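The chain below stands alone, shown as structure tokens; this is the form predicted alone.
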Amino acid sequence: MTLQKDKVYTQSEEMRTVITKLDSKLTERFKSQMSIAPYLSRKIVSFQGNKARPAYSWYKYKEAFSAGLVEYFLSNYEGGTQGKVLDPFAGIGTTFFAASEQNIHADGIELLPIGQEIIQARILLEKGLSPNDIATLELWINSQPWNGFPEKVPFSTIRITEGAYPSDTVEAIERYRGAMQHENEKIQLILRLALLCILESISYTRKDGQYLRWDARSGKIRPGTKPFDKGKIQTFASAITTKLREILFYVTSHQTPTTLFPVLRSKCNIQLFPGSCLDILPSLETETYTAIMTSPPYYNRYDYTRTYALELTMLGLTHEEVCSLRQEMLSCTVENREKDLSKIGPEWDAVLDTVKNQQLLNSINAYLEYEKSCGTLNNNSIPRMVRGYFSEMACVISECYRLLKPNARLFMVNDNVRYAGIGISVDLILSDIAKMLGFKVEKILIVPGKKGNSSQQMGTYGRIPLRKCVYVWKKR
């Protein structure tokens, strides 16, 4: 038994050594393009940079990058402020609205209904509100017409959201939903936006990595776990009126007092394509965009359908619909099944061949399959996730190349990851694939400061830092 363990350990060590050498070789190849960018920070490449910005901060979308990041890259690279911008992973529309503030037309693709809803609400709000609409919202803030409203409209729950709110909060939400049905479509959209923005603050949950963390007051304490206290849980009335007041202040402060016509973004078009970018990108016209600014899901096993389960169910999604949505996502979780990419884009066969030719990735895949066969992986679906992620990203990169005008750039924010003791240089592998697909890799800008690996892997392999980067690729 000991001999068998020693053999497995030796084989794993040898495979890790090969990966390290190939990683070093690829690092050397891109050495001249790689540099630490002092003007970048964890704050500007994440949602933290939006916290002080009206409208961007209404909804806590932790996967977003900041509007400041979009503004920086579009302003500092030739052609960025001209033509039209695309974001294939639009999130809640940071690229849209930041580009619009610079009078740049923007298109985007978003799969998650929560992102779609927030984008559509913001587009509507940027067009301004009538005096009657403003008066209606002021009535909702000051008089709270849902209190005692006779009609209640229940909302969906699935197993992972059951019991998420105190009972009096549930009743308040249902009466709020009942009362809002009697308003016009524009007011309903605004009222629904405010509701979605406060769900976490009025619930027993907190978004924590790849799942919802439950406060001990919910009664959901797993045996052997330390009770979690998220702090103050806001009342529904306080949270919703504060959010509505915040939204109303933003809208009225961006309208002229006489015409009530929006000052900002009136000249720009914003178009949202709801759905998966794998389905939508092939349908867009070749050489349409002068820049692409995006951040795909990191393949860190974070399942957005769980993280944003409260919002998805409040929008009416059933368990089956949430599960279906999970499979449409880019393969970044262990639950994603393999996609038949040749059926989505028959012309992608050549693209997938470039993935097969990436040496470092091949060695990583072989290592992960070996660890799986030895029973040492904490989840046997990790190899499938890694293969799926890079294959799907190669197809996305290929489509982005086709959609960009000559000499236009793609800016991408992404994270490196670690599985089974090996660091996976997502930045280098994707840049190499992009180069094989025709891009010139201009820069791989490294965010100062590095995050460590997970606490589980730290115990086995020690604290080994990982890079977070912004890639700058130019269409030749």
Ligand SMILES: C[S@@+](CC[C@H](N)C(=O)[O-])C[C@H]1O[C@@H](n2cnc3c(N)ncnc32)[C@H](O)[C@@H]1O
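Don't overthink the numbering: it's just position in the shown sequence, from 1. Since the model is a prediction, treat every value here as computed from it, not as a measurement.
Below, we turn to the form predicted together with this ligand, even though it does not appear here.
Asker: Given that this ligand is left out here, which of L199, L111, L74, V351 has a heavy atom within 4.5 Å of it in the predicted complex?
Answerer: By the 4.5 Å heavy-atom cutoff, the listed residue in contact is L111.
Asker: If the cut-off is 4.5 angstroms on heavy atoms, which of these, W214, W146, Y165, F89, is the one near this ligand in the predicted complex?
Answerer: That would be F89.
Asker: Which is the contacting stretch out of 429-437, 416-424, 63-71, 24-32, given heavy atoms within 4.5 Å of this ligand in the predicted complex?
Answerer: Every other range fails; the passing one is 63-71.
Asker: When the contact criterion is heavy atoms within 4.5 Å, does A98 count as touching this ligand in the predicted complex?
Answerer: Heavy-atom contact with this ligand at 4.5 Å: absent for A98.
Asker: Give a yes/no on whether L330 approaches this ligand to within 4.5 Å in the predicted complex, heavy atoms considered.
Answerer: L330 belongs to the contact set for this ligand.
Asker: Does at least one non-hydrogen atom of G275 fall within 4.5 angstroms of this ligand in the predicted complex?
Answerer: Close contact exists here: in the predicted complex, G275 approaches this ligand to within 4.5 Å, heavy atoms only.
Asker: Flag T290 as yes or no: does it have a non-hydrogen atom within 4.5 angstroms of any non-hydrogen atom of this ligand in the predicted complex?
Answerer: T290: no, not in contact with this ligand in the predicted complex.
Asker: Can you tell me which bits of 283-305 touch this ligand in the predicted complex, meaning any heavy atom within 4.5 Å?
Answerer: Result: S295, P296, P297, Y304.
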